[in-house]
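As a starting point, one isolated chain is supplied in structure tokens, in the form predicted alone.
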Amino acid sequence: MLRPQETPSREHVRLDGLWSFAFDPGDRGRAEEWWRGDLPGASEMPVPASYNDVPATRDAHEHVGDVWYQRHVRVPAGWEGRRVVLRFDAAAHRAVVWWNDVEIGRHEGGYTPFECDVTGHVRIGETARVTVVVDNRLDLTSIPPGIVDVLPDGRRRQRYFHDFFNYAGLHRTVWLYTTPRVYVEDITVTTEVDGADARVRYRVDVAGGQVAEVVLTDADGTERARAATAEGTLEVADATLWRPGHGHLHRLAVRTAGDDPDEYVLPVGLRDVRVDGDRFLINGEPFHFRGFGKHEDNAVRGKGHDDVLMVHDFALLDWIGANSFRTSHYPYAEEVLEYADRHGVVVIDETPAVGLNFEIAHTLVPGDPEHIFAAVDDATRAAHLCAIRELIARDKNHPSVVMWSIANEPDSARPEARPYFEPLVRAARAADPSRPVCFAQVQLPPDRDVISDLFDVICLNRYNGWYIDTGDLATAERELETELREWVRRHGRPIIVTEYGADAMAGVRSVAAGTWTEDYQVALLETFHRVFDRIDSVVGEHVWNFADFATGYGVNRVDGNKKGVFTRDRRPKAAAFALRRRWKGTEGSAADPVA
């Protein structure tokens, strides 16, 4: 799915700002057809933002069920005769949309975009009423899964099996955009590198017409290749490559044939990715992942995208010496990937399939299914498959994305996991054969895991010294090394430790380096690093987490998860300076932050 852009043939209007908004705790709105008029009892809500923490009430924070958004839209007079599209970059977790009184679309999945063609409904120059109902409920057919309990007093309580707060709403931009009636519907690009040269394999899908020309230019506008077919290969001699730390982008300009041509310009990074034995190669060179699992999470905004916060996070990644991150545990806003493309930051791109595991959940009650695969069914896997396909369809052209992660911490010890995941892995490879496929496995030794051999890279979330052997770093170091060497012996593939870390309360220090102190967090990270440095097959280290983040209520969480090396408001803990010394070779301490 192509992102909206301004070209000679395309225009767009951002519909961000304050929308009319109403909670619907009794699910009355659909039965009463709230879309037919002004929302009853409405307040105002910013878009993009999670709605949960904007009102100053606990009911808003804990709301389970429908909420309604509405605003009035005027279609510009200059769009007469054009195709007009309403696009939502994200609606968590499912949405139905009306244009005036007519339903125009619905979507399941909270982190990928969907579009509604409203060409047949618009009246140019007149104002229309756009209404959206967004449902945040998670059930055993959704990705991520959850269970909604109805309490004796009639209230609903959402249970979910992942350790971050279930923020919801219109988290990203809403667009109204236009194209010609004959338009570029999609572009797919894969690139290969051969020494100093590169090849760009492309396919252009045009709705209602044909391609007139495809032109590849360098960043300075110099033409490097040209074609006049909808599918083909462009040869680029002596190419400037996209590589980690150097986000060099070419531009692929596509124009359709006819009297009213459409034009679309796709940024293209010339690079290739492959796995060779236990090495991860970018442009034929071994790459070592240094970075984090992150979250889209900030105070008040929740998961609402904000360019200011995004740029600051990338500045902190650069300051600390990180070269990569994983979009844990869902696809991030497209602006994030575009920024990573431009700045040479490497991304492991992950679906929202987190929580497919009852073994690590703390929300189970008597009467629940024995294990996750006894609870999910074909509808769940269909939602998971859709999440994979939508992720790849959206992000396939980003050079920063080097690998697809199709799940985080599923119950991969169950025999039922293999028939569940085998078709999903095949589907991911079919959708994009050019990138490796992985999943993040949690705390299972290789002799108990039944699916890791299906994947290209072994990604491990490990909490030795924290959840296991708490406080005993000597045992943690010994057992971690023993386990990693067994993974090498059995699989011989690259290993990325995609999560490791410890909670630390900012400002809590101790000469004894006790748990929950900044000192213990540093000591645990250094323990893991000693092990990594002794095992060549470990090609990546992603600390959990970049910054503290919000979670649901629980006795093992104090105002959220505190495993960040930065606080939630992005103040560095001692661990941030320790990582900077390791990753950037820069001396410095908390007392010397600019060293």
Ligand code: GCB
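Only a predicted model underlies this, so the values are computations on that prediction, with no experimental measurement involved. From 1 onward, residues are counted along the sequence shown.
In what follows, reference is made to the form predicted in complex with this ligand, a form of this protein that is not presented.
> Which pick from F532, W544, W35, Y69 sits with a heavy atom within 4.5 Å of this ligand in the predicted bound form?
The residue in contact is W544.
> Just one of E409, D89, D272, E518 has a heavy atom within 4.5 Å of this ligand in the predicted bound form. Which one?
None of the other options qualify; the answer is E409.
> On the criterion of a non-hydrogen atom at 4.5 angstroms or closer, are F292, F314 and E334 all touching this ligand in the predicted bound form?
So, no: the whole triplet misses this ligand.
> Although the partner isn't part of this model, could you tell me whether R172 comes within 4.5 Å of this ligand in the predicted bound form, counting any heavy atom of the residue?
No, R172 sits far enough from this ligand in the predicted bound form that none of its heavy atoms falls within 4.5 Å.
> For F287, is any heavy atom within 4.5 Å of this ligand in the predicted bound form, or not?
Looking in the predicted bound form, residue contacts with this ligand do not include F287, since no heavy atom lies within 4.5 Å.
> Using a 4.5 angstroms cut-off on non-hydrogen atoms, would T380 count as touching this ligand in the predicted bound form?
T380: no, not in contact with this ligand in the predicted bound form.
> Any chance S324 has a heavy atom within 4.5 Å of this ligand in the predicted bound form?
Judged by the heavy-atom cut-off of 4.5 Å, S324 is well away from this ligand in the predicted bound form.
> Going by heavy atoms within 4.5 Å, which of 115 to 123, 273 to 281, 390 to 398, 457 to 465 lines up against this ligand in the predicted bound form?
Going by heavy atoms within 4.5 Å, the stretch is 457 to 465.
> For the stretch 553 to 572, which residues lie within 4.5 Å of this ligand in the predicted bound form by non-hydrogen atom distance?
Stretch hits, in order: R557, N561, K563.
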